[in-house]
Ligand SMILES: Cc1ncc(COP(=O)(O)O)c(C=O)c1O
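The chain below stands alone and is given as structure tokens, in the form predicted on its own.
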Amino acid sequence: MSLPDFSVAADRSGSLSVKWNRDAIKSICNNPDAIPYWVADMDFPAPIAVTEALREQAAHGVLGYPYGSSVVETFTDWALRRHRWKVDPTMVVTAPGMLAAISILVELYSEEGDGILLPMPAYRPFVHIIRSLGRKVVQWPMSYDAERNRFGLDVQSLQALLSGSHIPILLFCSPHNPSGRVFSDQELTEVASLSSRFGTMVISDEIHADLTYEENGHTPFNEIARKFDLQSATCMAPSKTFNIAGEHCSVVVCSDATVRNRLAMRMRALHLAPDLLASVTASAAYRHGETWLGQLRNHLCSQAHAITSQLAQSGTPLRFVTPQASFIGLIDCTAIMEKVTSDAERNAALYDPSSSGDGGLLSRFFGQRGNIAVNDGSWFGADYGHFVRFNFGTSARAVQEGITAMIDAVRSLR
């Protein structure tokens, strides 16, 4: 089988891609023609084994009910190969996507009015889940070292928050989105220890876990939680790993039978499960995607360091928060905020929030002055509007062109 070619980005026009949809792009940067570097999926075809499995299923002609155990079996094999993690298959529940699983877990293990602890900055759908279920977001701000351009966990703050009032759930994200941090075993141990001490369940979204640049760089939270007899749910999926986010399939590894049975019963009550094509896609990816993923990880690691170098040598104050996993990263734009604000005041129509309600000051700036679409940092929390999130899951040429456009936009400021 030929190796994948990550030097070429796929043409996604007419493919129902939200990332490349003109209306969606306009909603974040007020420029429908901007080149997209925002939504967290990549511009690469899935592994050939995945597309072949889908083709074979379609050619069969019958799209009936799937038997879900194939996903569990292929995932547990994958977890052992990729993470050296021996997962008990009886503790695994399948779900039609990560966010569906997290929503149900929040509903099961908290009550309306409860506070849910959320590290900040945070993936915005987490905030939506918490609030739409009648819970309250309790922000746990991560520390940020502006000299090293690096986020970290503030354990002292965590202890103060947990000791202040009972918080039933910590909604964790490891590796972290949007910072790309891969947490150390020591950091995870501190989180698990404090959560156990204060009786807080941990739901850990680990959708980016397979994309760590180091071979064995990720420790599943479940492995740490077991040492503290801590109730937890570790959520994984093949969606980001193999660029199959449109096929909604995820797995939840539960800390004990009580969590597993409660979640499984709720899934059955709601008649929720991955559909046939999602199951076929996930199983094929976990079974045959390892070589493809190794090549992808090398490409993404190279791109992350290339962006760091390009910005550092640009003569602009833009700085990359170099991630340790995945294909998204934050760019610190703190030093240009005053000039961007002045530009917006002089050109109000270009920065009109009424036609770009999902954006912010910086996403509108780069959309108008650089012709590229990036997520505004305010999308991840009100205090993070001095960042943008850049998706480098595309060809090296496209990444270089996107960063060059940002640099040129900054140089045009006066």
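We number the residues from 1 along the sequence you see. Note that the structure is predicted; figures quoted are calculated from it, not measured.
Not pictured, yet referred to below: the form predicted together with the ligand.
Each of 123, 126 and 208 comes within 4.5 Å of the ligand in the predicted bound form, counting any heavy atom. Residues of just one listed stretch (287-295, 170-178, 155-163, 213-221) have heavy atoms within 4.5 Å of the ligand in the predicted bound form: 170-178. Only one of the listed residues (46, 53, 40, 34) places a non-hydrogen atom within 4.5 angstroms of the ligand in the predicted bound form, and that residue is 40. Checking 248, 319, 299, 83 against the ligand in the predicted bound form, a heavy atom within 4.5 Å turns up for just one residue: 248. Residue contact with the ligand in the predicted bound form: residue 230 places no heavy atom within 4.5 Å of it. The ligand is not drawn, but in the predicted bound form it has no heavy atom within 4.5 Å of residue 79. A residue is said to contact a partner when one of its heavy atoms sits within 4.5 Å of a partner heavy atom; residue 119 fails this definition for the ligand in the predicted bound form, lying far away. When the ligand is considered in the predicted bound form, residue 307 lies well away from it, no heavy atom lying within 4.5 Å. In the predicted bound form, the residues of 96-119 lying within 4.5 Å of the ligand by at least one heavy atom are, in order, 97, 98, 99.
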